[in-house]
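Next up, structure tokens for two forms of one chain, structure 1 and then structure 2.
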Structure 1
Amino acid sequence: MKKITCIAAFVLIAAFVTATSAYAQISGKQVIEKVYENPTGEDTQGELTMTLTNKQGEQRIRNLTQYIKNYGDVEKKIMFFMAPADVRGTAFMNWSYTDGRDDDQWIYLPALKRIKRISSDGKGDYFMGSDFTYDDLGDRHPDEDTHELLREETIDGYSCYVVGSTPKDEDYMYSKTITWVIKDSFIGLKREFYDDRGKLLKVLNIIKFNQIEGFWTILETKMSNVQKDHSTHMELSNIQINLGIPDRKFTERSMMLGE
């Protein structure tokens, strides 16, 4: 009996030491920074299909083509809306800066035939009626939140760090997020979003990811709004990395021509 007690004590101490050493190795902030700094290639292009499903099971599908290029201090992204027909020809361009200043955003509406600069204050708006806000689709800088490593957990067979993040801006649309990050690849596998009352609002699950040209790339995700019983399935296809997207892709000409 004494032997068993000693073994249990040893196991507990070993577990504590292991856990302490693991926690000493990496902090919540470091985990999120590693996710943020995961190499993505200098440029990426691909087709995006979003399937929106409401609580009655009705589905709406949106297709678009997107191009992303990283210039170091600025990441430029342009999206061309392909379907449904009433949004075809619409182009949306976003320039996101690493120094934390507000994004620059423009939209081209084919009916108006001109490019309009839009306020980046609408980051909390839902993108094309999906469950993703504009901010959900961007790379949120780690310095915008405080992070805490909550625990380690295995989900879907992946050993993960679980990190809680609280925004420094009290007016931010989420009161906190909890992210499951795969230990060996630093890919965010799951994220929970909590509303301003602290209640669970949305859950993002990464369904499929793969290495393309040596870069970890997310291919399929699902965002579920648990309060509205609405979900968006997003699938990326025909992804090409480091093809050398020309700078002229992110200009007035490209937006107006729709390619």
Structure 2
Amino acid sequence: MKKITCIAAFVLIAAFVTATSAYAQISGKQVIEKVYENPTGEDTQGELTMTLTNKQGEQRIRNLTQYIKNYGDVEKKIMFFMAPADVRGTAFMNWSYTDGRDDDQWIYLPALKRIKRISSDGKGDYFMGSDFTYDDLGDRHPDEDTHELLREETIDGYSCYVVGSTPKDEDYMYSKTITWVIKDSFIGLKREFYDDRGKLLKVLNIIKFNQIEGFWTILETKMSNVQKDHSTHMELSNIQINLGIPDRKFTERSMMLGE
């Protein structure tokens, strides 16, 4: 009996050690780094449909074209508003740096006929009435936050790592974020954003994604502001990858020309 008890205890200890080791194989920071480093191809272009829905259920629909190009040390993105007429000609450009520098961002407002550079203080403003801030449209570097692997969880049938991220900058607009990351593809499936009082502010859900030309591509998202009962639905279509987008596309001149 004593021998059997010892064997049982050994099995339990071995199982605990194995489970602990498996859980410790990856850290919260490593998970977020893998999300950040997910390959996307040299360039991508497509059409965006942005649907804004207020608490009364009223909707506004905006159509955009989007171009992204990866230069290795910097990723450049430009978006052109095509419709409706009141926003047509507006353009937004974002440059994200792999060395952790703050993103450079610009917006062109055709009514003013000038390009405005988005300041650090302005990155907390909401983009064109949507639920995305200018900062949300950038590519936040993993080193800007402290990350903790909170648990593992299954949502929508996907086995995920759940990572809590706290900004190192105490003045950052969010006090923390929590991200659900799919284990096998390292796609961020869901993210919660908490305001400066620690209350849930927004939830980003990835509704649809797929592999296109061998690269995981986000096709449909929804950002919901739970405090304002307002949401922004984004759908990407007519996607083309590695077509060789010219460098001149990512310039202030291109913003003003709308092409």
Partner chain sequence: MKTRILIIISLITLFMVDSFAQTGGNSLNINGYARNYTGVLLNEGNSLSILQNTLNLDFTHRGDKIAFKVNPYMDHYFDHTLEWGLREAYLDMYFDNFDLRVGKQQIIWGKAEGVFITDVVSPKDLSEFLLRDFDEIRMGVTSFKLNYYFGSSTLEAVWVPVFTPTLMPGEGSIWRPDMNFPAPPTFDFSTSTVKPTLDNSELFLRYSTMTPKFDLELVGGTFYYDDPALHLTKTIDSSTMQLAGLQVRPEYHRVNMAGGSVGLPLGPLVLRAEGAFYSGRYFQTQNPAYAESVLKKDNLHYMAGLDFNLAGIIMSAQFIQEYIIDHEAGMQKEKFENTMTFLARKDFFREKMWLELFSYVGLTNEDALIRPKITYAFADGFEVLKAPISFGRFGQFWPVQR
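In this text, all values refer to a predicted model and were calculated from it rather than measured experimentally. By convention here, residues take numbers in order along the sequence of structure 1, the first being 1. Take the two forms, superpose them, and find the largest set of C-alpha atoms that agree within 1.5 Å; that set is the rigid core.
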Given structures 1 and 2, which represents the form predicted alone?
2
Superposing on the rigid core, is the CA of residue 173 displaced by 2 Å or more between structure 1 and structure 2?
no
Compare the position of the CA of residue 151 between structure 1 and structure 2 after a rigid core fit and state whether the shift reaches 2 Å.
no
After a core superposition, would you say residue 162 shifts its C-alpha by at least 2 Å between structure 1 and structure 2?
no
Residue 115: CA movement between structure 1 and structure 2 [superposed on rigid core, Å]:
4.0
